[in-house]
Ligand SMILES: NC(=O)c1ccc[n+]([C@@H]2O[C@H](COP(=O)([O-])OP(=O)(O)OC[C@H]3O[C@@H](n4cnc5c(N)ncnc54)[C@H](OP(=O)(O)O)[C@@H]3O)[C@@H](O)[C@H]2O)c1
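As a starting point, one isolated chain is supplied in structure tokens, in the form predicted on its own.
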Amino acid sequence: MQLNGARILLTGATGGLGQALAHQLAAAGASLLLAGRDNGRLAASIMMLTGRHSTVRADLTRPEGIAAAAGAAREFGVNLLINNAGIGCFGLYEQQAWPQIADVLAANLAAPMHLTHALLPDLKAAPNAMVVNIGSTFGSLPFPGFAAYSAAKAGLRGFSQALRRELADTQVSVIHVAPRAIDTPLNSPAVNALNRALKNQSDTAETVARQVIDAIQQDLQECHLGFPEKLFAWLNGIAPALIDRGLAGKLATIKSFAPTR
């Protein structure tokens, strides 16, 4: 898809990846509608961009937030939706309170599905449109300590694939991009400590943003980022028992870093 002249709704615009995406998309000539929950951070983000852009304050886990974002998107003439907003959740499943788990499912799965549903008629009416869902390696390589997060991201991947196939006879493309760990201030100290202990590699937000933009420009419908994570995700799809055995050896380390209630 051509980004010069595109009109983009970017959710999660004030986070680490969101800010990197906003800068690079604006530099490519796109007009941006930045969505987030904090007016102050949205205002600060838009001031750092060149070009004509706008913001909308919206909690996308609530119906009124979806309505606000969708209404602003229609007025803005959006033809590219980037579902980037999401939250992390590290901890042993039985130790997590249900409201915390529900929040993860709402932010990472229900919200992008709901917003896409609200905007789909408008996107289908555009001459050329796209939905980009930012997933995670954990959606294809579910990881202990991230049961709720992995479930949400696996659901987002399945939604992306099903919707892409459903829209095959339209002008709307659907892309799913699955980064590995991203080094941003949003990571909790426990997650950072776990990644160091397991020697997990992470990418900068700027690196991931460039790869997301490449996927958009080349219409790469399914894109996993990072090696060997991409290999392990593929292997999990054909021989999950091998991944079971490999991760069993890391379980004690994961449990040692998992926060408790």
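Note that the structure is predicted; figures quoted are calculated from it, not measured. Start at 1 with the first residue shown and count on from there.
Beyond what is shown, the protein has a form predicted together with this ligand; the following relates to that form.
> From the list Ala58, Ala209, Leu33, Ala233, which entry has a heavy atom within 4.5 Å of this ligand in the predicted bound form?
Answer to the contact question: Ala58.
> Considering non-hydrogen atoms and a 4.5 Å limit, which listed residue (Asn79, Ser160, Ser150, Asn84) is close to this ligand in the predicted bound form?
Contact with this ligand in the predicted bound form is made by Asn84 alone.
> Tell me which of 175 to 183, 91 to 99, 160 to 168, 118 to 126 has residues with heavy atoms within 4.5 angstroms of this ligand in the predicted bound form?
Single hit among the candidates: 175 to 183.
> Spell it out for me: taking this ligand in the predicted bound form, does every residue among Gly12, Arg41 and Gly135 have a heavy atom no farther than 4.5 Å from it?
Per the other structure, all of Gly12, Arg41 and Gly135 touch this ligand.
> Taking heavy atoms only, is Leu17 within 4.5 angstroms of this ligand in the predicted bound form?
So Leu17 counts as contacting this ligand.
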